[in-house]
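Just the one chain here, laid out as structure tokens, in the form predicted alone.
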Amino acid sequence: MHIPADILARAERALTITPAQEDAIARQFAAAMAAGLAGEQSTLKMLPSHLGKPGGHERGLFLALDFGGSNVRVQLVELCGAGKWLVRGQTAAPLRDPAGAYDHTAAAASEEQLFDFLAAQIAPLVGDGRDYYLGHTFSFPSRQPDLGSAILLGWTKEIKTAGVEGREVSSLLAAALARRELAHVRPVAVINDTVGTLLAAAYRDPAADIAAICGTGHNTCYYDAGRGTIINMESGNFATLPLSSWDDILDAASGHPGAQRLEKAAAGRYLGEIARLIIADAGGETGPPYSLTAEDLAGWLAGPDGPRRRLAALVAGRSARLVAATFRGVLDHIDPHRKNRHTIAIDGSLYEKMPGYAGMLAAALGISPVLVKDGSGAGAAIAAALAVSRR
């Protein structure tokens, strides 16, 4: 795959984030946080989770449903206290069958089909004779009147299932469970995957107060000490960014033009497409949209030096610097003088598997975040434990 030198030079100019730009992004992100919290117009939704941080002593056996993208996973999690947990059982399945037998993410799919599919994944993990309390990681923009309910504001990540937007998802899940005669499974908590990651990190480390997903999608949450709750910012929607013409082309062709501009520049789902658009601009053979993936870029970064590796480094490096700048904005908001220790927890395949990504993010931020692998599952169990303790 040939990448001309002039296109590489143009990409370097367009995708390099300067220190001055990083400073500006941090300031603008902190300002957007303040505006969102004040109820003013903001690209950050600043959604309260109705959860504080756990104490690390929570115990019990809980179900954790993780629905945040193209796959669904259910775990039976035992919280052991002292910051430890064990996964006692697990099921996982794609929402879109690779062989084409079903696609529960399509606009032609109904809410009943989707939630019946979720209930079917829960069934193998539960028996009779006891109640199972379930924490649901639901990683889409939602308004939460309380911990146990969430109203979907709008699908992201190109999911288009009909009949769910504007609906309360715990009720939809409970109805599906009842249809399968699983009424002894009780959904008691709904959280975002970033909130789950922060709960899992804070279960082990009291200094954990910021968490992010850096994977197929991107979002960040933080613990607001003044309000006593974790705030899901839906930061992927932040839009005050130095973006390129390729970003604009990607956005215009997406399912939700104008939305999720940070996510479209920084998340794994989109990085390969940005690189493909750059190559296509040079007249190169690229294949159809999204045929180039973040996994391809990871392979280029792990390979020998050359134009492809340099292009992958530009696309991935910009993602890391954009994310780091928003983290700085959060730190400026919660602790402008850096008086306290802060642990930033991250989950997601981009952070974990993209060569050099974690190092680039740490270098831009000045703090080394910690990987909390599969934190959303444990976090959902912790959320269920906190919900039950309130009862």
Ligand code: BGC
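Owing to the predicted nature of the structure, the values given are computational and were not obtained by experimental measurement. One-based numbering along the sequence shown.
FYI, the form predicted in complex with the named molecule isn't displayed, but the following is about it.
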So if I measure heavy atom distances to the named molecule in the model of the complex, which of the stretches 153-161, 281-289, 83-91, 114-122 falls within 4.5 Å? 153-161
With the partner omitted here, the residue among G148, G317, G272, G217 that in the model of the complex has a heavy atom within 4.5 Å of the named molecule is G217
Answer with one of S139, Q75, S170, Q144: the residue that has a non-hydrogen atom within 4.5 Å of the named molecule in the model of the complex. S139
With a cut-off of 4.5 Å between heavy atoms, is I213 one of the residues that contacts the named molecule in the model of the complex? yes
Should E263 be classed as touching the named molecule in the model of the complex when contacts are defined as heavy atoms within 4.5 Å? yes
Would you please decide whether T194 lies within 4.5 angstroms of the named molecule in the model of the complex, comparing each non-hydrogen atom pair? yes
Looking at the partner-bound form in the model of the complex, is E234 within 4.5 Å of the named molecule by any heavy atom? yes
